[in-house]
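Before any questions on binding or motion, here is one chain by itself as structure tokens, the form predicted alone.
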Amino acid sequence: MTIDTLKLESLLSESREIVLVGHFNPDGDAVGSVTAAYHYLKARGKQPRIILPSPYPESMAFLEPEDPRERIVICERDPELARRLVAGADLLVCLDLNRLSRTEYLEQDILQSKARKVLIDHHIAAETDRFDLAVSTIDVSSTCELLFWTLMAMPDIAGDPDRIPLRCAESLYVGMMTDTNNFSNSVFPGTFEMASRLIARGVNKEALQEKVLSCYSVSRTRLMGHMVKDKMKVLPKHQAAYMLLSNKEKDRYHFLPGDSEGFVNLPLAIRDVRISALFTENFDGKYIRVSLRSKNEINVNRFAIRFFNGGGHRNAAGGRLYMPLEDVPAYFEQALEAWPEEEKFS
């Protein structure tokens, strides 16, 4: 992995208005990477701002900037401010997204911006040609891991994790921890090295795990039980399982952003299930959010590209469907039937 730290250092040093952008439906890696970058830049004397297209899980709120005036701007809630920040930026840093379309409402604003643009991302087929500098590889667990190694190569850090601000280190650990499902998947040798160095830096992994993984409401826990007991369908022929989450169920269980995090992994605990899917009705009912997970050699990235208008990683991918929720089960089974064997194990 080659990182042009000289160019990145030059871009950061020369920029005054730095805006950090994550993807729509932000997960732990998206929130972790943008807040880690914020805390790093803040320690350098910069005044960065963060924009996320849509709300993030409540369990990540502790990663937010301390200053209320610099809190994360949610485009869905305050589109005028988000667009004003993009328009006024002289450097845009996009994290944890391989395509600008994943910024949803901000895509055209970013494309039209005259600001220099940096990408830091670990997804397949990143649109690197749209950026002045792209730090992109799939050989890491998460964007937070990639950002960690990028920072370690920067002149001011110079390979010493003790020079990484503690709050930045905490964000990096949270993003890596959540994107690996607490070291259950997409783990590389460097992932453990990163974790070891961050813990030596002073990161309290038990405290972070409790904040992120043991903070759910009673309603969310009951929803999880309902999904497993009443909504999980197992397809033995295809060694697959799926669940549907409707807006009515969200209302019944007082659903908050992030409450379904981890649900798609639950069926994979079953011995003979190798593919798991979660289909979630979007709040406005315009599309179905698709989350896919798999075991070992099954390549759900190819599955998501072919059938679900999406993509991602070998064992973790996602996408969208534009159909009524009740039509999804039949479509999913048809897709499993039509999925070429050579793609499944490619």
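One rule holds for the numbers: they count along the sequence shown, beginning at 1. Note that this is a predicted model, so its numbers are computed, not measured.
Another form, the form predicted in complex with a small molecule, is not on view; read the next lines as being about it.
For the three residues 161, 167 and 202, a heavy atom within 4.5 Å of the small molecule turns up in the model of the complex in no case. Stretch-level contact analysis of 46 to 54, 33 to 41, 60 to 68, 314 to 322 against the small molecule in the model of the complex, using heavy atoms and a 4.5 Å limit, identifies 314 to 322. Mapping the unseen interface onto this chain, residue 294 falls outside it, with no heavy atom inside 4.5 Å of the small molecule in the model of the complex. Although the partner is absent from this view, residue 302 stays clear of the small molecule in the model of the complex, with no non-hydrogen atom inside 4.5 angstroms. At the 4.5 Å threshold, heavy atoms of residue 117 stay clear of the small molecule in the model of the complex, well away from it.
Proximity of residue 123 to the small molecule in the model of the complex: non-hydrogen atoms within 4.5 Å are present. Of the candidates 197, 274, 83, 102, 102 is the one whose heavy atoms come within 4.5 Å of the small molecule in the model of the complex; the others do not.
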